[in-house]
Structures are given as C-alpha cells and as structure tokens.
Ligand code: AGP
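Before any questions on binding or motion, here is one chain by itself as structure tokens, the form predicted on its own.
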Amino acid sequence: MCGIVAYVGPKDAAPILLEGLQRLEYRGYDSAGLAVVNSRSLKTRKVKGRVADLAAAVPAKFKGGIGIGHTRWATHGAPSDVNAHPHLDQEQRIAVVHNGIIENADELRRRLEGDGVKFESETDSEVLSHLIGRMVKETDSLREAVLRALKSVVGTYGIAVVDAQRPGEIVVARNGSPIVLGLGEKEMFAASDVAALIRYTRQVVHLEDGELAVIKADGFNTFTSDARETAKEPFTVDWDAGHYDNGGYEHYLLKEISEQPDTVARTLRGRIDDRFHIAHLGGLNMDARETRSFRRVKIIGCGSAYYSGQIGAQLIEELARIPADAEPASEFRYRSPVVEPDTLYVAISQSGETYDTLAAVQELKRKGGRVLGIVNTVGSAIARETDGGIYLHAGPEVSVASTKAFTSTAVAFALLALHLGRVRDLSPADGRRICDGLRRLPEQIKEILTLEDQIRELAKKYADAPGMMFVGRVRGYPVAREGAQKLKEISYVHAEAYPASELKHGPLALISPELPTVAVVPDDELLDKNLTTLGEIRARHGRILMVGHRTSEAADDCIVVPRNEVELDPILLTIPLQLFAYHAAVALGRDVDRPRNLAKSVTVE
C-alpha cells in the first residue's frame, strides 16, 4: 500500500518525485505530498486527492535537489491534507514518508505529547518524524538519529527521511514494507517499487528487512539496524518505462487483459521439454529424488493469488496425484500451522511483497518448511526468502485488479503440476497431451478476446443488477470465485461465489429474477450435473449467464470459449469473466484502474 519516492542529485527533485508518484499511484491514491530541501529549509506540499492535484498545487519555483514524496492509502486517519505525508517534526527540520503500520504508535504518541510535542495529524506515521527530530538534535547525525528512533518502534515500515540541515543525504529503512534503491549517474533514487525508478535507471538494489541505507548523489551505503555495514550488489531490471504506458488503451486493465496471449507465451517460453514431455523448471532448485519425496502440497496466497492457488491445487492433484490444497496466507500464518517435512509449500504473490504472504513464508522457513515462490517481480522479498520458484515474466501489472498475473500464475501451476506428475506417475502420453494443450493457450486466448463486443453488451445488460451469484463445480469453482472477485472489486456490484452443489444448502434462497447467476460450465465429466443446477435456478425464475464450451437452453445468455484439455480449461474460462467485470465497471462509470478503498500491493496487515 502507499508509494514512496526519493531523489538526491543535481536536478530539481520535484518533477522527478511527481513523475515517480504518478507511476506509483496504483499503490495508494487518496492523498499525496512531497518535500524538498532548499537553502537548509524544507518546502512541502500536501493535498487530499490524486497526484495530479498535487502537481497542480506545486509552484514553478519549488526548487531543491533533494526530496521525498508519497502517495497514500489511508490506514490511520481519513484522507485529508493534514494526514497526507510527508510529516515534519516541530522544528520543521525533519521530513518523513512512511509505508506500513506502527503498532505502538499510541504509546509513542502519549509519551511524546507528555514531553510537549504537538501532533498535527491523526496518523501513526507522524510519531516517526518527532522521534527522529528529537534524536537528530542529540546526535547531529541523521543516520544515527534514524537508527535510535527505530529501536523504539514496533511494527512495519518502509521510510525515507530528509534533514534540512544535511541537504546532501537521505536515509531509508525497511522492515516488512519494500524499499528499493536506484543507481543513476551522479544521482540516486529510492522508492517502494521499481516502477517509480524505471524511467531514470534500471540498476537497482533491494533492501532486506531490518536494513537501512544512506543515499547521496555519488553513491550509497547499507547497514543493519544494529549498525553493521552490509554489501549489496545491484542488478538490472528487465522492464523499461514502456511497460508502464497504457499503450493507447482507455484503461490499464483492458491493456493487461489484452496482453494475455503474449504474457502466457512468456510464462511458457523455454519451459516445455518435448523429449520427455515435462516442464523445465530449474528455478525450483530440486532434483528428481527430492521432488518425489513430497507427499503433500500446500499453497498460500491472498485474494486473486489464493484463487489461482485453488486452480493450482486442482491441477497438482489431477496430474501429479499428490494431495494439494490452497489457503489464504492471512489465515495460515495465524493458526499455528503444523509444518510437515514431506510437504511442499508454495507461496504466490504478483508483487512478491504481499505482507501476509511474506510473513507466512518467514514462519514456514522458521519451522523448517520447504517453500517455493511464484512471483512476477524479480528480486522481490518472497523471491529472496524462498528456496526456489517460478518467475511469471508477465511484465508489470499497473491496474489494481490482477488479470494477466492471475492467468500466468495458473499457467505456472500447470507447469509445476506437469513437472511433479512426470517425475512421479504421469504417463508420457498424458505429458504430451498437457504440453500440447499449454502451447494452444495463447491462440485460444486471442480467440476469446475477439468476443469482447458480445461480452460488452452482456455486461451492460447485467450491470444494473443489485448483486450476482457465481457458481461452478470442482474445476469451475475457483474460476467462479475469481469472477466474483473481479466484479466486486472494480464495479462495486456485490458478488458471491459458491460451489454449484452447495446452492441447495442455503444460497438457493437468494435466487430471484433480480439476482442473476453466472454459471461456469465446462464440458467435463460434471456437465450434466451442472446443467441440472441451471434447471434449479431457472425453476426459481433466476436469470443465468453461462460461460462454457457450448450454448444451452437452460441459460438466458451464453459465452462460448474454445476447448482445451479439461485440466487446463479453467485458465480459458477466466478470460471472459475478466472482460465481463471490466465492461460492467465501465458501464457503471467506475474508476476501473483504481477502485475505491483498494491498493495494488498490500504491504500492511
């Protein structure tokens, strides 16, 4: 959540900060602000609203070669000018931007107020500026002041701090919330996401939890919270600024839906072995003997990542015949899970920084679990913490709602299931069948995208419904869950997903002409049972939109997608539901890329 940008160098900082914040607005967009150091004084601007509102409020003569900026997703205190970051100390010497949550903020606030400090905002973050402000007067060192202040802080943070009396340096720190450094020519950057840096540099360094850095125009040094120096090697980011453009599409979300033939092809590239009909996944860091030793697979993720994990569990059970299940990472980490030595754990996160998933990975590692990561962002925290994994190579996803990363994750699970299956008992013939099916996916997704005009009209037809029910059986159930998730998060239409077999056990009471049902009905061994369910809905005068491989008189409307292998069909059935949610949101006039109350990368609890 929230976005941080920092710059030190010979150029004016404000335009660089504003451009970086614009690229990070998908991480938080209820308020924004920046501070620059000029002539040993701080100049700040903060506004409730979008980065464009902040840019309009920044005067032309807002000069300074060092500065920090922030775009906020509110946790403590409503969106307002005063609650926006940066926050200053009482002497107006220290400015701080902060991502995360300070858990002992109330205690620290009471202590500071008892010493005469007057707070301006309702935020937990403001305690940091006052703590650091007090420490810097005692130490006359910004580095030392930040180190001392953080010793009294409990919680998560990614911070950037400037001192008006030390205009040549910025101190940044990470604990549970990402910070990345960008290396330029006689200039340095820091941000919470490489998206803010990519226009200026592709050489980056990720901080670890408990690590800090001092950045200056001519370089940086990193150290731990107990002041031990650390050595960091920069690496080159594969993405460039063009990946963050909307490509002429009205919304990033539509662009990312439309990119899926290419992103799926990238996820598959170089990973299918035609000789043995297996998946090449060298990043797993496991030999065949170790791979065969696992007796169970446990998948963890949040939101859409969790639903893709449900598809993955189904694929692993079907192809590898290993018991597998998926669970929300946010629940897993709090229920004191039993970590078994013969269980393979898989953590999913597009950003690789999702806090609940990262915390679950750390708990698993503490208990000796073998953990793989499926992430989209190279060098991210989950990628670094896990024993191995699969990069999606889907490219940056800007819209808050995940589409191409979801699809590529499901494809990655198909590769993992194929790999596990062929090491175990999946026959060469079935291996070849799945390999051929995977290769067909990009062209079949292109075929589905040609249905956009039809889906747009259906979305307009159903968009005025007060809510929608999504149903599916076995392979279709996680597709239904993801379809409901997409509709609710970008159109704000209430949507529920149930296993189709569960309708009779309660939800059927909701069926009426006013509550349409989206039914996911693949041509598999459960087709007849699914059609029976549609009959039960129709008997209660419910309207039905069916997504499947054929039309049916039991449905009011049908979206027909091409067939693949039955195990892979859920990947294709997801695509029309993405388009349906998108066009419903457009019809309702929603802010498609930045839905209310949500942020792209959830780096707080």
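Here the structure is a predicted model, which means the values were calculated and not measured. One rule holds for the numbers: they count along the sequence shown, beginning at 1.
The form predicted together with 2-deoxy-2-amino glucitol-6-phosphate exists for this protein as well; it is not shown, and the discussion that follows is about that form.
J.: Backbone and C-beta atoms within 2.4 Å of 3 or more ligand atoms means blocked; with that in mind, superpose 2-deoxy-2-amino glucitol-6-phosphate from its pose in the model of the complex onto this chain and give open or blocked.
T.: After C-alpha superposition the pocket is open.
J.: Tell me which of 134-142, 298-306, 492-500, 84-92 has residues with heavy atoms within 4.5 angstroms of 2-deoxy-2-amino glucitol-6-phosphate in the model of the complex?
T.: Heavy atoms within 4.5 Å of 2-deoxy-2-amino glucitol-6-phosphate in the model of the complex occur in 298-306.
J.: Check each of Gln350, Ser177, Asn530, Ser125 and return the one that places a heavy atom within 4.5 angstroms of 2-deoxy-2-amino glucitol-6-phosphate in the model of the complex.
T.: The option sitting close enough to the partner is Gln350.
J.: Please pick, from Thr354, Ser380, Thr267, Ser129, the one residue with any non-hydrogen atom lying within 4.5 angstroms of 2-deoxy-2-amino glucitol-6-phosphate in the model of the complex.
T.: Contact with 2-deoxy-2-amino glucitol-6-phosphate in the model of the complex is made by Thr354 alone.
J.: Quick check on Ala279: any heavy atom within 4.5 Å of 2-deoxy-2-amino glucitol-6-phosphate in the model of the complex?
T.: No - in the model of the complex, heavy atoms of Ala279 and 2-deoxy-2-amino glucitol-6-phosphate never come within 4.5 Å of each other.
J.: Ala105 near 2-deoxy-2-amino glucitol-6-phosphate in the model of the complex, any heavy atom under 4.5 Å?
T.: No, Ala105 sits far enough from 2-deoxy-2-amino glucitol-6-phosphate in the model of the complex that none of its heavy atoms falls within 4.5 Å.
J.: So, in the model of the complex, is Ser408 in contact with 2-deoxy-2-amino glucitol-6-phosphate at a 4.5 angstroms heavy atom limit?
T.: No, no contact at 4.5 Å.
J.: Considering only heavy atoms, tell me if Gln485 and 2-deoxy-2-amino glucitol-6-phosphate come within 4.5 Å of each other in the model of the complex.
T.: Within the cut-off, so yes.
J.: Could you run down 391-412 and flag each residue that has a heavy atom within 4.5 Å of 2-deoxy-2-amino glucitol-6-phosphate in the model of the complex?
T.: Heavy-atom contacts to 2-deoxy-2-amino glucitol-6-phosphate in the model of the complex: Val400, Ala401, Ser402.
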